[in-house]
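There is one chain below, alone, in structure tokens, taken in the form predicted alone.
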């Protein structure tokens, strides 16, 4: 490997971000009152002045930031990203004179971002801020160049408010540059962040069709919107950049009152595993109700996922991808002397009258395995597993037992001890 192909090492803030692994995304705003998704103003061609009247009924009466952070913790999530301002231009924070279109000047009469940050800190969760760059209220997509320059001043000033008034945060995530092909003055915007929040992650969503694109040199993580991430080849990169997949629980980011197409706990578990396979974080979105509460289905699903994460946390947060080859969807992560084998599609035991067929149990092959393994066990039960290895050939086989009747972990993780 030449000097130009050397692998960069992650900056401390990026390493910390990767170890967070699993986060909650919250799309909360005026659109929540309509229950037809976060793009309702645009998709239904609601005039700006008509849409703005939703501010007069925005109460956030059930927005309990600490309860939301507690739910995230119970789900095994380590961070939450909140929409401080979405494309409709309504801010959940006190804009301090930049605009009167914000939560403190609505019936809520509260700075919801301040509450969010405090709730996260009380529960040991890292707060992240989402902030739109596309703003329908300003007409930022189609306005004149002169008007757009005014908008960028407003955008930068808004981000400065967020950076200066809420203490240390985990990062800022932007979304909307894809809406207008122009100079977004990213140098200035990111310099503002680095001035006041030097350890904050900077993320800018590249959109549905550009997953994994790096973009500006200050960007700390690529994005994969609604799509499973791929593992990048970082050889020769000037900087180590992380990856993050964001996904909705149903088909919308904001509340979709008539959307019945939800992820199951099994879906979430498999997607979390797929993200960690390539070293990416998984940011799972929920859309609160009109009054700011997390809906019942999402609450129940996240708590159920949290029970799985509790069993397998040792393999989720700090373990990193390996080049070990496995069969099917299986893969291996490593943290020091501990390797973790993620097994998919195991069979379930029990009477033929009640047990349906699953995948195969028994030996599962591993290739490119250059580490001697002393033993293996399931993380969930401690059951010892059979293990064979030819170190010289770089191959091995893990004896995977199936699920006892009464259990199905979807993805089952074995710890393999190296030595």
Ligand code: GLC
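Residue numbers count along the first chain shown, from 1. No experiment lies behind these values; they were computed from the predicted model shown.
Separately, the form predicted in complex with this ligand exists; it is not shown, and the next lines address it.
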{"property": "Stretch in contact, per heavy atom within 4.5 angstroms of this ligand in the model of the complex, of 170 to 178, 152 to 160, 317 to 325, 256 to 264", "result": "170 to 178"}
{"property": "The single option of 90, 130, 308, 331 touching this ligand in the model of the complex, heavy atom within 4.5 Å", "result": "130"}
{"property": "Among the candidates 301, 205, 281, 95, the residue which, in the model of the complex, approaches this ligand to within 4.5 Å (heavy atoms)", "result": "205"}
{"property": "Contact test in the model of the complex: residue 225 vs this ligand, heavy atoms, 4.5 Å", "result": "yes"}
{"property": "4.5 angstroms heavy atom contact with this ligand in the model of the complex for residue 86", "result": "yes"}
{"property": "4.5 Å heavy atom contact, residue 25 and this ligand in the model of the complex", "result": "yes"}
{"property": "Contact of residue 246 with this ligand in the model of the complex (heavy atom, 4.5 Å)", "result": "yes"}
{"property": "Neighbours of this ligand in the model of the complex among 31 to 45 [non-hydrogen atom within 4.5 angstroms]", "result": "38, 39"}
